[in-house]
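Shown next as structure tokens: one chain only, the form predicted alone.
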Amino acid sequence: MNNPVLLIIIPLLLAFVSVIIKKAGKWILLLGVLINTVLAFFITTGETIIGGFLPPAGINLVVTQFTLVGVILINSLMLLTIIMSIDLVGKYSVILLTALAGINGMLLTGDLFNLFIFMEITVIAAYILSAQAKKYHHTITYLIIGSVGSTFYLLGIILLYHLTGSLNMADVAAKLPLLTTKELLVPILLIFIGIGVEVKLLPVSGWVKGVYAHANRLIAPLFASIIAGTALFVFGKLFVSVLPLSDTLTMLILVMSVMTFVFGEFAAFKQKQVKEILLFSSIGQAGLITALFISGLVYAAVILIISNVVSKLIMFTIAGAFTEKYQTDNYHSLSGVFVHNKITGIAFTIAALSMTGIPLLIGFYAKLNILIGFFHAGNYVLPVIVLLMTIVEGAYIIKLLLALWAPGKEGQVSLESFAVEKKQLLSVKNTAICLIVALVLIVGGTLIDTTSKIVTNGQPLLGDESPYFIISQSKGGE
């Protein structure tokens, strides 16, 4: 197999090169992301020892099928983001390459302390990128909350080291069941809060609105799809296969996750700005995904991550174009904007409908697995909450799509003359990419047996034997 350490080393080396050859920075960035994406498809599952010292004393990178899905997905999204917004890269090529190294390190590391190091690399890059809008008070808010989260995570792993004498994830996972619930309560809560900052869980998601709402079409997808997706994969790995949760901790984290889900969806319903709708939707979906991980529905969580990060990549890119072309993303001020940008509008609409779970789209397949998975586990409360929040989500998405497609005010006959001023939102290249990516959402939701085979490769994800629904099952199996 290709050595997964290359996914970390190559971006770091190219970051140094781009410091020396500044004029070629964006092309070096594009090269690095392209190499990483290609390599990601050739990585196979297994363990790589770094430095020749065996774990738990030594450092290792661990690739499971779960990790592999995350690595391929995140690197591919990074490549698409850079290709679509390479004109906005400017002086950020070094930062973006460093962030890519940190992101891959977070996904691949098998050591809790090295996870902290890679998290710090990633979030420091994120702090710098969040300042692109020159809304420095929002960056400072993010810096303060992020620093508190990092401190909590570090304190948590220090306590775990004191209890187990190890920071290797596999070794810690083997030793923690021997400890009491009382001993584990504080360290696990501290780690949960630390990871929760980047996952965007209540009450540590206060930084999200200020950063996302003012981000451009490069930075917004980077945060909403790539960094958020990485954080969710890390959350799943830690809280499903490394850190054992008592019944009390499971219920506490589950309640916080569900509260985040409900808050995010209702907050999105109240917004008028497209990016604010999307950012609160992202908070809500993060809450649902963490609830799935805590409930052991790993496959459903992974499919929902894929649906959300791909949809948000398209939607935040187009929302950034709204601000770029019209200096606003208030959907009332963008009435009928898709009348003049039909292909862009189709891509946005497919992504939005997948997010709400419309049949034949991958978002529907995700929610079907969620509902069946909860019922299979004997949980009848969470499916009701999921269905109710899906109605809320559908309501604000329909309201948004009607405003962007139908010119004129509510109650008026929809005439093209009422539409906002005609401007091309995206270049032909970016429009084509958004449409192709949107079609992936259709293919993934239609060929669900194929989707299942690609995601699982016939292996359980972190012990989850799902999927709970595939077409071959509905036909009685093969």
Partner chain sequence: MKKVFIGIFIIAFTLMFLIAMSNSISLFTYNESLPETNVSNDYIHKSVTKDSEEIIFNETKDAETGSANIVTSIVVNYRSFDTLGEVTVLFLSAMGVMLLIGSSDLFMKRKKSGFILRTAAKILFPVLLVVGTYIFTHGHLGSGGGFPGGTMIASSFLLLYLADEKFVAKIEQFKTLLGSAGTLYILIGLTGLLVGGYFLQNFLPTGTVGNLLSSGIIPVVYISIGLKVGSEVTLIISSFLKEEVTS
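Remember, predicted model here, so these are calculated numbers, not experimental data. Residue numbers count along the first chain shown, from 1.
In what follows, reference is made to the form predicted in complex with the partner chain, a form of this protein that is not presented.
Stretch 85-93 is the contacting one of 85-93, 70-78, 220-228, 289-297, since its residues have non-hydrogen atoms within 4.5 Å of the partner chain in the predicted bound form. The partner chain is not drawn, but in the predicted bound form it has a heavy atom within 4.5 Å of residue 121. Taking non-hydrogen atoms only, residue 167 approaches the partner chain to within 4.5 angstroms in the predicted bound form. In the predicted bound form, none of the heavy atoms of residue 326 sits within 4.5 Å of a heavy atom of the partner chain. By the criterion of a heavy atom within 4.5 Å, residue 24 is excluded from the residues contacting the partner chain in the predicted bound form.
Taken together, the three residues 17, 50 and 61 all come within 4.5 Å of the partner chain in the predicted bound form, as judged by their closest heavy atom.
The partner is not shown here, but in the predicted bound form the stretch 2-22 reaches within 4.5 angstroms of the partner chain through a heavy atom at 3, 5, 6, 8, 9, 12, 13, 15, 16, 17, 19, 20, 22.
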